[in-house]
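This document starts with one chain, in the form predicted alone, laid out as structure tokens.
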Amino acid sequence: MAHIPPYEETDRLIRLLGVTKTYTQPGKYDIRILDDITLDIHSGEFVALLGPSGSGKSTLLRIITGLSRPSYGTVLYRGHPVTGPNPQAAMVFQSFALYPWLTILQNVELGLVAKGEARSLRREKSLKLVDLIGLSGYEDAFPKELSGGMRQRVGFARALAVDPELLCMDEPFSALDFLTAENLRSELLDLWLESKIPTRAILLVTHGIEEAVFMADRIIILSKNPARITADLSVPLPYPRNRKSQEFIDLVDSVYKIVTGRNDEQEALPPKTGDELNAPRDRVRLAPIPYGHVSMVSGLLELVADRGNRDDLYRLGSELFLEVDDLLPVTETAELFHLAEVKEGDLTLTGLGQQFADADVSERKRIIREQLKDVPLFNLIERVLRNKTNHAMPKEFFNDILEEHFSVAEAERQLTTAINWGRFAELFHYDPDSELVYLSPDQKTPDENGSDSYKKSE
């Protein structure tokens, strides 16, 4: 079934030109979330914004709807600048966002009340939408009486009540169980494809590759730290789409390769010259570390080692019931430790990775400990602890340093991950009661050059 809207496909709704978004830490510095985003969205398009958590997808969605303003760049809707909430756009949230003291019908009517529509008209329209989404008979119920799937249906009805030209959805299915989410995806697609709703374009934020390929006819892939558009793909598969077809599987695999790939342009940059190194520059920033648990890295490497030291990431994710958003931190951690390489959507163990997969726990700790010495964040922790007389420092000290480089939430997350890795590798210790990061007496010993290094307690 093909979607044949009653309007011109070339009718541009949204145009973003160089949209950049930064957040200022109080009295400190700017964190760039979005960087130079330029794209168009036309009538008749179902567009998926795809990227890992923290890639700025939700921020971009809020800018498109006018709920947030860019720091730089231009947002146009039908050629006119967006300077506030866009009345032609509606949002469906991940968390349902219903008012618990209002009935289902009253929640659906909210947008119409804000538009000043007469009570009789808004009631008639809302009743039709409640029936359309399959909740007829629940008009006078309250949100607490409904399941998660039913509450999200109310969210869809409320968004559609205002006849939006642009329907924006921020991971609307992620809080639902698998079967409920599948039903809602299919029902929404039916409404869209059969032109039962007035919406002219749909914009879906997701981190699920299969969801994007199943629903959208165009996929925009964002990178992270900061978000940039790395790919803009059309989905040539006809509706309805069969997840088991080879064409579907091949396309999902292709998107996996893009999402899990590296920025070839950045890797290909030539080394800086002396003049460039001496030129004025921004202050040096700590590179973020991924959030992979060492236990998950170990399990993944063991699994791949049993399969000949190489496997397809899409297949691995499907078998382990992991979305790319869950799998990426694990593979990025394996790459950071030089245990594996990701290329063309495949994970391949390095020689060190094969050694790690076959090793006992003691040897695995040694391998990770050696790799951490090349990570700037651990160099920082090592240097501070080594230079302290008692070789101990409050966790808060490191957290304050990280807040100079990351947001408050990200700094906490980075430090939590670093402490977990450091403790596993016995690079340092951590006391959760006193919140002290410290070295044990036998961890500090001079090396051949007279500097300090660490050894595992025997």
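What you are looking at is a predicted structure, and each value in this text was computed from that prediction instead of being measured. When you see a residue number, it is the position in the sequence shown, counting from 1.
Below: the form predicted together with adenosine-5'-diphosphate, not depicted.
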Please tell me whether any heavy atom belonging to G66 falls inside 4.5 Å of a heavy atom of adenosine-5'-diphosphate, as the geometry stands in the model of the complex. no
Answer for A418 alone: is it within 4.5 Å of adenosine-5'-diphosphate in the model of the complex, judged on heavy atom distances? no
In the model of the complex, does G56 come within 4.5 Å of adenosine-5'-diphosphate, counting heavy atoms only? yes
Look up in the model of the complex whether S407 has a non-hydrogen atom within 4.5 angstroms of adenosine-5'-diphosphate, and give yes or no. yes
Whether Y23, I33 and P52 all lie within 4.5 angstroms of adenosine-5'-diphosphate in the model of the complex by heavy atom: yes
Quick check for you: of 39-47, 421-429, 388-396, 58-66, which stretch puts a non-hydrogen atom within 4.5 Å of adenosine-5'-diphosphate in the model of the complex? 58-66
